[in-house]
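A lone chain, given as structure tokens: the form predicted alone.
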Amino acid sequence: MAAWRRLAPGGGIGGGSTGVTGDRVTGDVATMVVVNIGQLVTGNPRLPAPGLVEDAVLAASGDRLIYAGPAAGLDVATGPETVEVDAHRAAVIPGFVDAHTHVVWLGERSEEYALRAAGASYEEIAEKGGGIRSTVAATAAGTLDELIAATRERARRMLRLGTTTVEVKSGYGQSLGAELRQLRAARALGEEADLPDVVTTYLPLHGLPDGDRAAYLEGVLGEGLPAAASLAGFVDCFCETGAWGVDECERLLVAARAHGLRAKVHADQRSHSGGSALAARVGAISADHLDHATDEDLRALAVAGVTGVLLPGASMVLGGPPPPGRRLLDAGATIALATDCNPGTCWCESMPLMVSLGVATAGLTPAEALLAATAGGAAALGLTDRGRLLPGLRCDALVLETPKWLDVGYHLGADPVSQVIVAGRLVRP
């Protein structure tokens, strides 16, 4: 178990120069130093995968890393408020970036779990009023405070399991007011000090509306996009047979550009619906699911610079094809792993479990899976300041319970995290 204390000012590990070197940013006083690290995963591609340093130290000034490397090379100044965290020879890895969740919801759908186990399909459940429609009915009726309270507990579990940044989608409102309420709840939680950093996505084309779908889409284009632009950084759509078609989704994604919203696509999850090709064509930042994507689709994503977000928990629950991890890598694409935390097809807050499933079901090596859950997640959200432990980036780090970073995925279903550091602050002691 890691421990922390305040360092005495000056001396010992202090340096006084300024500038940037290969493993350090010099000239800043360290506000936190993590010492006695057995294995440090930096994500630095110049080092042995996954950017491994033995006998290491991290140092941060404010929310930024100023050193990440061997203990023997540490040369930073300390002050009276510098906090020392002793890792006790445990491994330290970057904080997880969960790039695809639907974590703001009310109601529950446990009976669907039993129905699927008895042989009912996703589509059959939806036709009987279950699925997304069921969650919309409960969530749209909720107040902002109710949404915040329900989501806070899920976000706390995410943090305890090492998620330091989480993407949160709307999509369970359908009316404009209810969709915006979901986004406001997510943003409010992102302002709380001891929860993950939150990135928001407007998902207006998710379940089908009760009324005229053409009129609903026109309302999204005319009113929804400008209203959501101040609350979200991305727009998403469920491009799928039985949901929203390619032409409808393309209209949304193209119109969103004028409001500064970058595109994401739920692509080829349940069928080869054309979502992956759409994501490549519009230059989306990510295409998510991809279970039914072809090799040609994956090559197009790679050429267009679209990150492929794999959701192995949902793939496993729904019994579809395994996520195309190895095929994505062979195509040259960047990969992310995410939980898809939602009430119907993957109620799971655990990124360590997604690392395990990325190896077991998606054909990834442990190093590839860990980087997909950290640096890959950051890429899927357009975040260049996190996902790796390198000088100049945010100090989002996890001190593990174990000396081996491999245990994150190897110890199936475990909580491998001892301490969580978000933006240079210890938030889970």
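Numbering starts at 1 and runs along the sequence shown. Because the structure is a prediction, the values reported are computed rather than measured.
Just so you know, the form predicted in complex with a small molecule exists too; it's not on screen, but the next bit is about it.
Residue-level contacts in the predicted complex: of D268, E179, D297, D340, one residue has a heavy atom within 4.5 Å of the small molecule, and it is D340. Put simply, of T345, T307, T165, S273 only one has a heavy atom within 4.5 Å of the small molecule in the predicted complex, and it is T345. Of the heavy atoms in Y172, some are within 4.5 Å of the small molecule in the predicted complex. Proximity of I132 to the small molecule in the predicted complex: non-hydrogen atoms within 4.5 Å are present. Not displayed here, the small molecule is kept clear of W244 by more than 4.5 Å at the level of heavy atoms in the predicted complex. Of the heavy atoms in Y122, some are within 4.5 Å of the small molecule in the predicted complex. The chain is drawn here without the small molecule; in the predicted complex, the stretch among 299 to 307, 275 to 283, 319 to 327, 98 to 106 whose residues come within 4.5 Å of it by any heavy atom is 98 to 106.
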